[in-house]
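A lone chain, given as C-alpha cells: the form predicted alone.
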C-alpha cells in the first residue's frame, strides 16, 4: 500500500491500493479447488496437478496438426487417428530455456518414458507406434562469431546424453563457409569461390582466387556488415540455414525450435522492423524446400509458441531441467533486436496478455501477393517486385534526374536474388555511420549454399552444346 500526495488521515482516497497479482481469487482456475502456486496472465494456476497438463496440451495443440504429411489444417486436429511423420525428427537446440524445455516435452510426449510411465489417455501418442523413427538434437556453437564467449558444446552434449532416444549432432557457425561440411550434408560441389562487394549497394559479385579457412571467412563476413543490427540478423540466418540443411541430410521431415511465446513476439516485431514483413508467417511455422527439383521438404515448427517464458521457467524449475545457457548475440544496447527484447519482456511483466495478442495478430497477417522465388541467402519466399533501395524516395523521384546505372557486362549483382530483408541487412547504413571494420568489405565471402546456387545459375562455364541449346529458339533455320 502506498500513499499519494494527500493526507491519509483526513482524505479517504489518499491511500492507493497496490494492484492485485491476479484477477479475483488465489484458487486455481482449472480445478477450482487447489490454491494456486504460479500466476500466469493474471490467472492463478495450481501446481503439478493442473500446470503440467495445461502446458502439455498447449504444446501438442501447436505440434500435432503439422505432424502428418499433407497440408496443415487451419484449425486444431479433432478427429482421432494415428500420427506418423514422413521422416525423422531434428530438434534445434540453442542451450537456452526454450530449447531445454522443448527437448523435455518432446521426450515425455512422443517417446517411451525411461521409468515405465504409461500415464495418459488411450489417444496419447505414447500408447501408439513411434511418430518419428529417429531423433537428432542439433546444436550450433557460435563462439567463433562472438569474441570472448566460451564453447558450450560439451555441456550440451552432456545434457543430451540424458535423453537416450536422441543422437547429438554438434555444428559450428563457421560451417556455413566450410566446403567439407557442405559436401557432408549433400551439397553440390563448388566450382568457384564467389565474393561480394558490400561497399556497393548493387552487391557486385566477383570470383576470388584465394580461399580463406572457414573461421577467417566467418570473421570477414561478420566484420563487413554495416550496422549493429545486421550482425545478429546475419548470425540468426546462418544458424537457421545450418539447421535446415542438417535436418535435410538426416532425413528429417520436421525441425522443431524452442521459441516460446515471448521469444516469438520479439522475433515478429524485430523481423517486421527490419523489412521482413512479407515472411512474417514463416516466423511461426514454415515449410522449407532447398531446391525446386527436391521433393522432400522440412517442416519447421515452434511448438512452444503458445507458452510464455514464465511458464517455461516454471516447467524447468519443477521438472529439474538443466539449462546450459546460451550467448546473447542480439548486438549492443542500441540494436533493434536488443531494444525489441527489452520492450517485450517489460510488456510481459506489466501487461502479460498483450504479448500473446502480438503473436495472434501477426499470425493473421498474410502477404497480398504470392511469391514464385526464394531468397538465395535465407531461403524464405522473396517479395515480388522488391523496391529498389538505391533509388530516391517516391516524393523525390520527380526532382532527381533518372540516370540508370550501367554495370559492366562482366559483372553480376547479388541483389536480384535476395529478399528485401536480406538486402537491407547487407546494405543498410546507420545514421551514425557504418560499423563495418573488415579489410575484406570489397570481397566479402559468402555462405556455401549461396555460392552453390550461384555456381548452378549462370556462374559456371557452359559447354558448346549447352550454349547452343540455350539460344536455339533465337536461331534462324
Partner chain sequence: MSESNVSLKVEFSGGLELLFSNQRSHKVAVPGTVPTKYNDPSSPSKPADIAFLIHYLRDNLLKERVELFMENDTVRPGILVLVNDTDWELEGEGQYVLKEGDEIVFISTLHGG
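Residue numbers count along the first chain shown, from 1. Predicted model, so just to flag it, every value in this text is computed and none were measured.
Although it is not shown, the form predicted together with its partner chain is what the next lines describe.
Listed stretches are 83-91, 176-184, 240-248, 256-264; the contact stretch with its partner chain in the predicted bound form is 256-264, by a heavy atom cutoff of 4.5 Å. Comment: its partner chain is not present in this chain, but in the predicted bound form one of 281, 326, 219, 319 has a heavy atom within 4.5 Å of it, namely 326. With the partner removed from view, the residue among 298, 309, 159, 140 that has a non-hydrogen atom within 4.5 Å of its partner chain in the predicted bound form turns out to be 309. Contact check for residue 57: no non-hydrogen atom falls within 4.5 Å of its partner chain in the predicted bound form.
Among heavy atoms of residue 424, none comes within 4.5 Å of its partner chain in the predicted bound form. In the predicted bound form, residue 346 approaches its partner chain with a heavy atom inside 4.5 Å. In the predicted bound form, residue 34 stays away from its partner chain, with no heavy atom inside 4.5 Å.
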